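Here you get one chain, nothing else, as structure tokens; it is the form predicted alone.
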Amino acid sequence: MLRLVGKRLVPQTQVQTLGTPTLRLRRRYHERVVDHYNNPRNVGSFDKEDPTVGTGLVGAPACGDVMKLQIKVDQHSGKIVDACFKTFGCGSAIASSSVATEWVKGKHMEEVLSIKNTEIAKHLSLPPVKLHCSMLAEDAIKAAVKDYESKKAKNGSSDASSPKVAEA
């Protein structure tokens, strides 16, 4: 459905009601949402057992969206060198995941924890009814960082310079 919406050129239709034509505006997704839905970036997955990979799996029971976001971290620098996602959900959820993976690449762990859902929603021009999609992306980033940190602590290679993730 979203692919069809993205290809429509005419944003309104004429409807005949009781003999008088009226114009009805169609709701459209912002072009960035359509772009990230039609051409999602960084789709895929890493080996979750890899100690350099953090996996965040979050879902929204109300709408059925499920998002898995994974980060691959350089253990020496603490920089995220790669990210990928798999999302089951609406176009806004897929677009939010895609944007999130683009934004976390090349950043340090403490930088990605400052990414807020409001920034993602603003970038994609999400309507209020779709804000939960950007919240899922923020939660997935935090969950992936938390997973990486717990693996790092379990392996005994934790250092004092690494950021700790607060319980969400």
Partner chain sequence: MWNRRKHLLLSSLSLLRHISSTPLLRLHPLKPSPLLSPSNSFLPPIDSQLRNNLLDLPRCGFPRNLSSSNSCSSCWNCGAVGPTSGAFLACGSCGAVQPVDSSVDYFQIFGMKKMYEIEEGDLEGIYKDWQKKLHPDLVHSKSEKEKGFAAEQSARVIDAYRTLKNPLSRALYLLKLEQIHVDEEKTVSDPDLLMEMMEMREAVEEAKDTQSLYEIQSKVKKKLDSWSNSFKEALNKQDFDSAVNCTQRMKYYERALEEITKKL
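Residue numbers count along the first chain shown, from 1. No experiment lies behind these values; they were computed from the predicted model shown.
Unshown form predicted in complex with the partner chain; subsequent notes refer to it.
Trainee: Just one of 64, 51, 127, 106 has a heavy atom within 4.5 angstroms of the partner chain in the model of the complex, so which one?
Mentor: Selected option: 64.
Trainee: Name the single residue among 68, 41, 142, 123 that comes within 4.5 Å of the partner chain in the model of the complex, judging by heavy atoms.
Mentor: By the 4.5 Å criterion, the partner-contacting residue is 68.
Trainee: Using heavy atoms and a 4.5 Å limit, would one call residue 86 a contact residue for the partner chain in the model of the complex?
Mentor: Looking in the model of the complex, residue contacts with the partner chain include residue 86, since a heavy atom lies within 4.5 Å.
Trainee: With the cut-off set at 4.5 Å between non-hydrogen atoms, does residue 58 touch the partner chain in the model of the complex?
Mentor: Yes.
Trainee: Is the gap between residue 112 and the partner chain in the model of the complex 4.5 Å or less for some heavy atom pair?
Mentor: Result no; residue 112 lies far from the partner chain in the model of the complex.
Trainee: Could you confirm whether residue 136 comes within 4.5 Å of the partner chain in the model of the complex, counting heavy atoms only?
Mentor: Yes - in the model of the complex, heavy atoms of residue 136 and the partner chain come within 4.5 Å of each other.
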